[in-house]
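Quick setup: one chain, the form predicted on its own, written in structure tokens, and binding and motion questions come after.
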């Protein structure tokens, strides 16, 4: 029987969601009805957490309670802390995956568990990094009222971040917090659909995010940008990459047929963060890379519609924040944990086992010789 194969499940709708809408034709992301462009630079990551779990933006008291719950959960359970300690020499994303799997399985699929998991991820990320730096004490020193972004930055930088740095990381985490039915979110919902728990779903989502076709691009992309170095080398580099049939990191997206709106908001946030001449020069270079690469790809691959995506400006803003490149994907996970958990709760509330079909194309009617 002939069946149509939806490779990559493109065009297949399996669920309804009230969390976010990604409009690839209009280039728009909305989170619970708010345009992302209206949120970034105005609300904090803790606000977005409250919005995802509570359907409305929290008031200052509620925001403070959310941040306090997340910080409290950053003090890890013994097994997870031990997993981090034993993972000091491995890649931060591998350490995050291992330590997440060591978290105790929660009984409930609810917002209280979700807040704990967001804090657990923040605690794993910062503890692993501080242990690598030989300074685990820095993790517990940041307890001011500026929220989760300040806590994360303090753990990464080893010092109290400036207000400008906190605003920039809030912009990044808000941007990355939720984005419809991407690969890792689908994985998380699949796990919950089996009746499993939120930690199991989180560990699976972390493993999915690690892939270079999902969340693992900004680090290697930054390497490319720094290697190119100057505007005159951009076009020859792009032409050479295309000639070698290599992917241009930071361009192209499964959903967007126009520029990724997340790139727009992170470009603006990066410019606001840049203070020194060197930082401003880097921002100008990345914008030139954006423009020249877009134009060159349109010439060389006119039918592919390769527009800039969020990864280019994610790499820029995290570099301006002095975040090490190998922490780019774990920090993405720290923000996306909010969206993952919201989807887990939504899936749990109206659950049906996710069980797609495949079309068998192998041999039939084979017999064992001699029987």
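Positions refer to the first chain, counted from 1. Please read these numbers as outputs of a predicted model, since none were measured by experiment.
From this point on, the text means the form predicted together with a further copy of the same chain, which you will not see here.
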Candidate stretches 289 to 297, 234 to 242, 152 to 160, 193 to 201 - the one whose heavy atoms come within 4.5 Å of a further copy of the same chain in the predicted bound form: 193 to 201
With the partner left out of view, is residue 33 within 4.5 angstroms of a further copy of the same chain in the predicted bound form by any non-hydrogen atom? yes
Partner contact for residue 281 in the predicted bound form: a further copy of the same chain, 4.5 angstroms, heavy atom: no
Does any part of residue 254 reach within 4.5 Å of a further copy of the same chain in the predicted bound form? Heavy atoms only, please. yes
Would residue 43 show up as a contact with a further copy of the same chain in the predicted bound form if we use heavy atoms at 4.5 Å? yes
Among 181, 267, 249, 131, just one has a heavy atom within 4.5 Å of a further copy of the same chain in the predicted bound form, namely 181
Go through 318, 39, 333, 308 and name the one with a heavy atom inside 4.5 Å of a further copy of the same chain in the predicted bound form. 39
Who in 7 to 21 is close to a further copy of the same chain in the predicted bound form, meaning a heavy atom within 4.5 Å? 7, 8, 9, 10, 11, 12, 13, 14, 15, 16, 17, 18, 19, 20, 21
